[in-house]
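Next comes just one chain, in structure tokens: the form predicted on its own.
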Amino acid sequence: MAHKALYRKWRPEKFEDLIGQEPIVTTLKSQMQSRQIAHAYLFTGTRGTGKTSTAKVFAKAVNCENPVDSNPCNQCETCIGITEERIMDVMEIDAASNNGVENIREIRENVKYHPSKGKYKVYIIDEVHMLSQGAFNALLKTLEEPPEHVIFILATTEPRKIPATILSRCQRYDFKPVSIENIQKRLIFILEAMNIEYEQEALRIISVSAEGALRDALSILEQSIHWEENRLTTKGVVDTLGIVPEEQLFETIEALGKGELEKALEVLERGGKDGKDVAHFTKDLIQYLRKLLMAKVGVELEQFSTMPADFLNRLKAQSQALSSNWITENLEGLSELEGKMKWMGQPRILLEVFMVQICRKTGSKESGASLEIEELINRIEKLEKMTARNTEVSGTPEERPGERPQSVSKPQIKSAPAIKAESNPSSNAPLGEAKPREDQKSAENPEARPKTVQPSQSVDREKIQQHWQDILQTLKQEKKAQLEALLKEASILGSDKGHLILGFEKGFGFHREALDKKEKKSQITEVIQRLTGQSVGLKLIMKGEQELPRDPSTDLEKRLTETLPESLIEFRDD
């Protein structure tokens, strides 16, 4: 006897054998009992969910000579003939290869004739969305008013491609993906019936990899059971699918999250030696990051219920150790990378470069730009501390009672015959002209004495960093999603004179320009003040192009020394 594939050998023979489609089964059986059978049905859903199998069971049920509880008996001549495809009353047509007008015209001619054995002629048109527009038009009239002895069952994975005129003439049933638990139960039933031993983890991997398609699960099972005679093992399943074990995925993300580039590349190399395809490795990384994201936000995936408890706890702990931004950024990056790999001759290099970029952003020792940014931030913080110390020294008498204010050292210009001192006190006098002493003006007119300018409020950058995600979330909740999306690409680099410095990576210049508007800055700083209590300004810069705060006195000294001869300049405390 010729070999039969498992998905054909174990195809459902009655409604109860249909896995995970209970609402549809209940409705069809109810129609059978009341004999209110429609003339056209549309079965939609992803591959391997039982659309064609349900159509065949239904075709047998409506023609069965001795139905049992609305199920086909599978013993009468009609049922056996339909199962063995000997009776022409049930026709299964593949629209992918029979999609022309002439094929539909042939159906229109044949529907005129009564069935030879059963009560109904049943036409099952699989992948009906592949029909041409002309074929749909030819089918329309027959589908609208078919003879009483004809039933059409249309099956498709793409219902949106079917014309509305066809959809409106059918009863539609949406088949949902089969749950992991139901797939496992069905596989256990088949394995026990075949007297084959199995490992529970192997069943879990098959059920997850099938992605809701029971037919795919049976195909994987058939391949895997040949690795070891009469035994289904985890190794056999992993090798059959070419997937990356979850332990390796855990190690990879752990290394990337800590910026340990060498370890991440070592895991990738190990997978290559085991024969793991780099495209498959990338796909598995994407799926693993999705699990991390769902665990991070507290969504319980169906896959979590089938995972070993110890690994699930490790996965959840890992998700809490990584930021949502880190996970989503790399999830998007890997998804984009997966698309590029299809057109690359050496996709492995793409993944390795991507890992290097992740580790650089994370701040690993291999980072070049990241170290530069960190160094700049440290220099800015040092300058802030120096400014704070200078502020304490030059504070007003009100701030430090009983002490005379110390004036900051400033340059004085010696008088010289070549330069005449003018009495014009204009602030626009050219460099080198003598100006009245500030203390002389103050003595003549006490009210003219300049008021002491209070130093700018210092910015608690750490506090703002701690509330950064709350700031973004608040903007989103207040219907400022555009601001939130643009600001999400910025990172806090430091502060300068009451301004928070936000930096953008190369390639995000549009985000910086879009945010560098007075109205948008005001909306952002208002939220920052509300959540952190700090009134700050914003400076938006591109990373690597920022200017560090400068000491004004040092800058003036430099300008003077470059403009005048050294013999004419004297620096002293006044």
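In this text, residue numbers run from 1 along the sequence as written. No experiment lies behind these values; they were computed from the predicted model shown.
Another form exists, predicted together with a small molecule; not displayed. Remarks below refer to it.
In short, of 460 to 468, 483 to 491, 257 to 265, 207 to 215 it is 207 to 215 that has heavy atoms within 4.5 Å of the small molecule in the predicted bound form. For the three marked residues, P115, T142 and F152, no heavy atom of any sits within 4.5 Å of the small molecule in the predicted bound form. The small molecule is not shown here, and in the predicted bound form it never comes within 4.5 Å of any heavy atom of K521. Contact between S53 and the small molecule in the predicted bound form is found at the 4.5 Å heavy atom cutoff. The small molecule in the predicted bound form is approached by T49, whose closest heavy atom lies within 4.5 angstroms of it.
In the predicted bound form, the small molecule sits within 4.5 Å of a heavy atom belonging to E127.
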